[in-house]
Every structure is written in structure tokens, then in C-alpha cells.
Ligand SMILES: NC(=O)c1ccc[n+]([C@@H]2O[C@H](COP(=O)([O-])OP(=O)(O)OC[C@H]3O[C@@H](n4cnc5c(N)ncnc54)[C@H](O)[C@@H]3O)[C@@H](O)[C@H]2O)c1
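Shown below, as C-alpha cells, is a lone chain in the form predicted on its own; questions about how it binds or moves come after it.
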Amino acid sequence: MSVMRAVEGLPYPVVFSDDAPVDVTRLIAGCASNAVVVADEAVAARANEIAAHLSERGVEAGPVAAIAGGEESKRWESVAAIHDALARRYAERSWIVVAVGGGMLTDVAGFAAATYMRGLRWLAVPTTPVGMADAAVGGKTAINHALGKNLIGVYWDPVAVVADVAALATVPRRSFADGIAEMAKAAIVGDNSLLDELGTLPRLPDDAARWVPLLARAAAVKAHIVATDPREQGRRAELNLGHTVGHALEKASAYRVSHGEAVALGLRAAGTLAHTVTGFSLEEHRRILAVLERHGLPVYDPAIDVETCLAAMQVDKKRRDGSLRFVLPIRVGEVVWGHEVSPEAVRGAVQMLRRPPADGW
């Protein structure tokens, strides 16, 4: 068995593997005789290796269906392309979709699987730090709408998640920084010491062995929370820390700002808002900003268009009764969710993000 590390708590296995083709095949064998492998074009070669291994071991995989990477591909056209690939293969309900790529790809392919023939099984193979630490874990699938991020989607659990550790060697530098943002979020939500570990992690991943345990710990935070609230009726909302402002910044920038960069800015906004609401301390806030800056993530952006960002928040999925609800830190390792914040305070927090931190905030 090639599994390096397993994350417990969910009704399906989540493993960090040093030989993904072997582990994907092991988890599929016996439950499906046919698979359709869908991949981000950037990792099509790796997806072909997985497809070849499946076919060699009796799971007919056929050609890989590759779609362009990037947030601009998180749309109906990409879902339709996957549906077309399934239809051309005459896919049946007993088949399985194998999604190979980052968080965008697993979101789109999972959604396509959920909506083809009213639901095909799928298996996620995240190849990026964001996908491994967060996006591929938990069963959320979605695409973007012209007015907002992830507005169209369903909960559709995979049969397994196999984080492809070997693929980390091909990931661009920016993707590692994006992963730090999601790992920092997980630390603030439920793993205080993880933040300190991130503060000592080298900026560049010379050795995946240094990253894997920390990625697994971030995934474990998410798995624990999702297990208690699979459909976000309550506590799962904690995992949206930094994302209310973050998603709006992504949309407002036409996705010039990457997901991790936007979350980093959102974490600063959440910390600032929390100071007067939960008593979140300046010392804890500085700890977070220091980790983000160490890994090259922005904590301010003069190009932010405040009005466009605020408008994007009006279609945020977490609104209740017409009001925005925020996740706010109490201290690193503990947050409060569902907190209503005044429009004036939100505006002030977004405006603040245009400037470098003053007096630590």
C-alpha cells in the first residue's frame, strides 16, 4: 500500500498518497469497471498516467477529458464539456468520474458528476495545496455565476479523495502561497499550533515531505467540522473565515486576485472586524499577518475597488435576512460564526485593505 497519511472523520477515505495511480485504482477496483478521467490541462500528463494505470488493472478509463485551468473555466461551458465527454463514452450510472487537478477542477468535475444522469460517483485527486488542504475535502461542488463565486452547486460527496503528493513538484509558486492562505484559515479555525508551523515553513517547497503533514492537518480541521455538519446548517460555516470578503475581492477584480490572495486579505478584514466584536487581540492578529507576509501573500491591495467589492458581497451565499454574516476569530484556534456586522463596519474593513497595516491592524 502506498498511502502516506490518512485523514479521519468523514464517511469516505481522504488520503495523501505518494503513488496516486496505485491508490486511485485500489479505491475504485471492485466498485466500478469504467471511469472517465477529467483533468486540468496543466496536469493532463499526470491524469494520463492515472487513466493508464486504471485501464491496465481492469478499469476501462479511455481518453482523458482535459479542460483549461483558471477561474474563468469555472462555468457552465466546462460542465457541458464534461457532460459531452460522458455522453460520447456512453457513460452509465455505474461508472465513476475521476477528477484530477486543483480546487477549480474538482469543483467543476464534481458538479458535472452530480448532475449527469442525476448523479454519478466521483473520486477527487487534488494536485495543488489548496485542493489538498481544503477544496477537494467536504463534498462541495460548484461553478461561478456572473454575479458571484460558487453560486451554482450541490453537495455531492466523492467516494474518496486521493491527494497526489507527487504532483506538488509541478505546482507554480503562486499556488503554494494560495495553499498557505487556506492552511492559515484552518489554523485559526481549529489548530493553534499549525499557525506556528506555517511560520517556520520555507517559502518554497524544496521538499514535499515538509508540506504534507501540514496540508493533512489543515484537511483534518475541515474533515472534523464537516463530519459534524455536512450540509452547512451550522458549524460548517466556520470554514468560511476570510471568504466573505475574499470571494467578493476575487469577483471584483475579475479574478486578477487569486483565491489565496483574496482569502489572505479576507483574513485581515475578519481580524480587524473581530477586534471590537470578540476582543480578538492585536498580538494574535499580528501572528496571522506575519505568516501571510512570510509566504508572499498580500495583506493590502491599493487596487481594490471598494464599491465593486461591496456590491459583490450582496450575493454572498452566507447572507441571512438581507444581512451579511461573518466568521470572526476569538483567538487563533477558535472562531464564532454567523455574526452580523454593520454595513458601515464592513465598508471600513474593505477600505482599510487598500492601505498597509497601521498600528498592527
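What you see is a predicted model, and the numbers here were worked out from it, not measured in a lab. Quick note: we count residues from 1 along the sequence shown, nothing fancier.
The next section is about a form of this same protein that is not shown, the form predicted in complex with the named molecule.
Decide whether Val43 counts as a contact residue for the named molecule in the predicted complex under a heavy atom distance cut-off of 4.5 Å.
Yes, Val43 sits close enough to the named molecule in the predicted complex that at least one of its heavy atoms falls within 4.5 Å.
Is Arg217 one of the residues lying within 4.5 Å of the named molecule in the predicted complex, judged by heavy atom distances?
Because no heavy atom of Arg217 falls inside 4.5 Å of the named molecule in the predicted complex, the answer is no.
Report yes if any heavy atom of Thr170 sits within 4.5 Å of a heavy atom of the named molecule in the predicted complex; otherwise report no.
Result yes; Thr170 sits at the interface with the named molecule in the predicted complex.
Please tell me whether any heavy atom belonging to Gly103 falls inside 4.5 Å of a heavy atom of the named molecule, as the geometry stands in the predicted complex.
Although the named molecule is absent here, Gly103 would touch it in the predicted complex, with heavy atoms inside 4.5 Å.
Within 4.5 Å of the named molecule in the predicted complex, do Gly69, Asp107 and Ala135 each have at least one heavy atom?
Yes: Gly69, Asp107 and Ala135 each sit within 4.5 Å of the named molecule in the predicted complex.
I need the one stretch from 90-98, 188-196, 269-277, 144-152 whose residues put non-hydrogen atoms within 4.5 angstroms of the named molecule in the predicted complex.
Single hit among the candidates: 144-152.
Residue by residue through 328-361, tell me which have a non-hydrogen atom within 4.5 angstroms of the named molecule in the predicted complex.
Not one residue comes within 4.5 Å of the partner.
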